[in-house]
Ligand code: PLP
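The chain below stands alone and is given as structure tokens, in the form predicted on its own.
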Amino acid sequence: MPYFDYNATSPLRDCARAAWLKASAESWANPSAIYPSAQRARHALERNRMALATILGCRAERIVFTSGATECNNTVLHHYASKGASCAVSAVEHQSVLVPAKALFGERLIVMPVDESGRLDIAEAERLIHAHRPALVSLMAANSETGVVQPVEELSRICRAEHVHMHCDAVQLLGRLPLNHLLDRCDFFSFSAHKIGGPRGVGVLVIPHKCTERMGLFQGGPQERYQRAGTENLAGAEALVAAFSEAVMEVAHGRMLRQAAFKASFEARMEQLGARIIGRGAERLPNTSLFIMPRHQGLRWVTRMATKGFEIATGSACGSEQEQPSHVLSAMGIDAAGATQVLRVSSGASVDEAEWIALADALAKTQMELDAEENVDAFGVILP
């Protein structure tokens, strides 16, 4: 079944599966113990930390292994909220940032708007940061729904000038676009393994160099240099590094750029069907397309496409069961009616051009079927 929801999660890579099984079999001891098998596990954990640091271009001591980006995001927000500080976030952040930010900061939360393409309004963000001087600013690298790439570098310069710490949720960017020294521009950086073909339940939080404060939500043990208590998930770390290494090579060899070409042809077909491409005027991830179909509810499209063997989404997987319109689309000024007709497709490097073409053909056929069922003419007018 052709799968087009990589932004929700991705299939486990063979290299990640092999790494996980090998580590589970050979390095099962607790890395915190002192006997030989435990010390071998400790060495393996630190070897993976160093390998990841090399790929990311940062110091190994900045890397904290966690259960995923949701934990990472909550950890950073809790740390600053506990200080009584204020925080600024973009209006289109993932719910793992927005929900805890609203709960933890309350009136101390500053929401930075986006323009109609879904990109941060950098001029307004600068005004808000200068006026309120928050202790922390959080901006995602790329939006999971629209695929719009955010101006992290521009915002970082503003934060540095105002002496404000910056956090970046980079879940969707990794494995899709080059990092381009992104970590140099952020104090905190988070991502999950399962978005890049690794296992669920493991992620990474990159903290500032020589950070002496204890950041972790989990206390009660010395693991991860006291930044995250709990027995380390060595097998998960092994699999994460294996998956990330392969994903980085795919980007370097231009395999994701091919997805951008396939997507462009696909979107042209969708526009012929009357679809409106969201974020068209902004830089977007090469694998992601979000669009509003001219008729019919998104859920009808998804269920009907599933019967044809295609797995697509109505938007963010984390909000797909909610009845209210996406907060991302609302922030972009898209009305509730349009938001109910949204579809999102997102691919991986292994998806070929034939699958994109087949997806477009299936959507065209589905539109004809749905129109016929509702007696809608070619102009969208319901016939008597």
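This is a predicted model, so every value here is computed, not measured. Residue positions are given as counts along the sequence shown, with the first one as 1.
What follows is about the form predicted in complex with the ligand, which we do not show.
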In contact with the ligand in the predicted complex (heavy atoms, 4.5 Å), from 205-213, 295-303, 247-255, 139-147, is stretch 139-147
The listed residue (Ser156, Ser96, Gln223, Asn287) that reaches within 4.5 Å of the ligand in the predicted complex by any heavy atom is Ser96
Quick one: is His194 in contact with the ligand in the predicted complex, heavy atoms, 4.5 Å cut-off?
yes
Checklist line | Pro31, heavy atom within 4.5 angstroms of the ligand in the predicted complex | finding: no
Touches the ligand in the predicted complex: Gly68 (any heavy atom, 4.5 Å)
yes
Note to self: My question is simply whether Val171 lines the interface with the ligand in the predicted complex - judged by any non-hydrogen atom within 4.5 Å.
What the structure shows: yes
